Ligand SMILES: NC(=O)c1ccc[n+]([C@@H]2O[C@H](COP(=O)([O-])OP(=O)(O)OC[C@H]3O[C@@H](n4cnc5c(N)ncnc54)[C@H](O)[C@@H]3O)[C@@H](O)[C@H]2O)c1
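Here you get one chain, nothing else, as structure tokens; it is the form predicted alone.
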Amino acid sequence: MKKPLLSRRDFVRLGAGATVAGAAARAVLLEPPLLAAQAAPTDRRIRFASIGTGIRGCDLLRSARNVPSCELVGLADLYEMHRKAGLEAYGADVPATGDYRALLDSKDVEAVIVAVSDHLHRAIVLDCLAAGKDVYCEKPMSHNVADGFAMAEAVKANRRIFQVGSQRVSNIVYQKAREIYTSGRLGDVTYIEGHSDRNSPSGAWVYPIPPDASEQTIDWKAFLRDAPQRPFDAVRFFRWRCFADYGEGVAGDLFVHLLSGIQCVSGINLAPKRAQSSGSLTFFKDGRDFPDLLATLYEYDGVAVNLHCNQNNAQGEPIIFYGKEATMTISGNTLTVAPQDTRPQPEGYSLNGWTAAARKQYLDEWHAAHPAAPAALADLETYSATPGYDDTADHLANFFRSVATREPVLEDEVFGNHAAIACHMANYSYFHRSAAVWDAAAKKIAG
């Protein structure tokens, strides 16, 4: 049998939109900003307290050590060991308490980091704002839609600085991606994809229970606060992300990073119009409420966003922006821009059904109409942060600069609320088995 004039591989290679593998490559190492330069134009250090010194709280304190514009003056946590761990993480001997309200009474405290379970965000943030403190609140901003709007209104009413703690917004790689996206070099972007995958018990929040965990070392009543009352349960305290009473599952823990990164790069600062989720609880059947696989297709104005989180297979956390002119991928602290081959090309594949004379006439006419040789493709570009780069330190530095200067933060309550609403919509769709539709006028999710 004769070989066809054009194989399917040839068709794909010649078709407009194919990325040419032979494009030249250009690699750039991004220089991190000097944290000292990000500080306010003064030697004054912002005195702050940390409420919540568990896993993330301690991470924030370790990063804060590298931010010259701040100084820890107190911390609070409901668990004794967490308080000790927080002191070790920052490396300073400051007052540590089980009741955060004592910190809010101190005039020495100008700002507060809130790194507690999601269901406590609203109450604690509102208390901090009412006490006149500026607030850095860990992601996701809210535990439900109503909480998010209550927090946003309180920020405005109290005229405070408020930053949500999705550190990718300050990441130099994401800032470079935003620059490229805004320039229009990608062409029209109508589809964005993001993954956040893990494959370990720790990645699914199956954390070990400390041997001293008990009602004597943990203020269980204060942890529950407005959540449904129940007997002490150490699993719920340490693995709270698994349970709807306290957390938002993979959407609130992982989707929110993808969503905030996408909002930062694309400039989208709205709640999605619709969300449709699918998923399953396949492996971690340990009494949790949330799935260990969640996939959600979001509809924004002119852009479809497809996210998935899988706790049963680890393939990294890429975010891919598909543009007509180029594809931009962020993976970890590396950004790649790959040009699409949109140069004029004569039709190939469908000519297999034409006579030789008709093919020749078409190709002669096409080449006569396109006498100039196609321009060379742009280089493949790669941008990377330096090894050991800490975007959490950058995000904290940006917050403390805003506290000192009263200039806007990078991730305010509006931005953070929109990302959180998208998380709530993903869960709504999954549990209701229907599309989640955002009603902006009513400020609620409808089925």
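The first residue of the sequence shown is number 1, and the count goes up from there. Everything numeric in this text was worked out from a predicted model, so none of it was measured.
Not on display, but discussed next: the form predicted together with the named molecule.
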property	result
Site check Gly261, Tyr300 and Pro318: each within 4.5 Å of the named molecule in the predicted complex by heavy atom	no
In the predicted complex, the one of Cys309, Met151, Ala177, Leu78 near the named molecule [non-hydrogen atom within 4.5 angstroms]	Leu78
In the predicted complex, the residue from Arg160, Arg241, His195, Arg359 that sits within 4.5 Å of the named molecule by heavy atoms	Arg241
Leu129 within 4.5 Å of the named molecule in the predicted complex, heavy atoms	no
Interface membership of Phe237, the named molecule in the predicted complex, 4.5 Å heavy atom rule	yes
Contact of Ala85 with the named molecule in the predicted complex (heavy atom, 4.5 Å)	no
4.5 Å heavy atom contact, Glu138 and the named molecule in the predicted complex	yes
Listed range touching the named molecule, judged in the predicted complex by heavy atoms within 4.5 Å, from 143-151, 113-121, 185-193, 275-283	113-121
Partner contacts in the predicted complex for 152-184 (non-hydrogen atom within 4.5 angstroms of the named molecule)	Gly165, Gln167
